[in-house]
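Take a look at this single chain, the form predicted alone, given in structure tokens.
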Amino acid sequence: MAQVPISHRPNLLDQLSPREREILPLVAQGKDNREIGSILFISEKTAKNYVTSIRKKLGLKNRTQIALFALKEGIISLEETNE
């Protein structure tokens, strides 16, 4: 069975919690769990759990795929990844 491209899956972002939607662009910008935790005042472990949840909900394998997803969906721009 062929995999349906992410862009053709209905409302994938709707599956994410508000906090996950807040974390997704930070991951896409290349922030690690410690940095995300510091920015959002959560523990590194909590940040890691959110990243894992985002990956699973979006059907992605790693942080690189999260970044590509964010770029394709217009969540971040290439300029934001250089910060």
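Quick caveat: nothing in here was measured; it's all calculated off a predicted structure. All residue numbers are counted from 1 along the displayed sequence.
Quick note: we don't show the form predicted together with the DNA, though the next part is all about it.
- Although the partner is absent here, residue 19 is a contact residue: one of its heavy atoms lies within 4.5 angstroms of the DNA in the predicted bound form.
- The closest non-hydrogen atom of residue 26 lies beyond 4.5 Å of the DNA in the predicted bound form.
- Although the partner is absent here, residue 38 sits far enough away that none of its heavy atoms falls within 4.5 Å of the DNA in the predicted bound form.
- Among heavy atoms of residue 58, none comes within 4.5 Å of the DNA in the predicted bound form.
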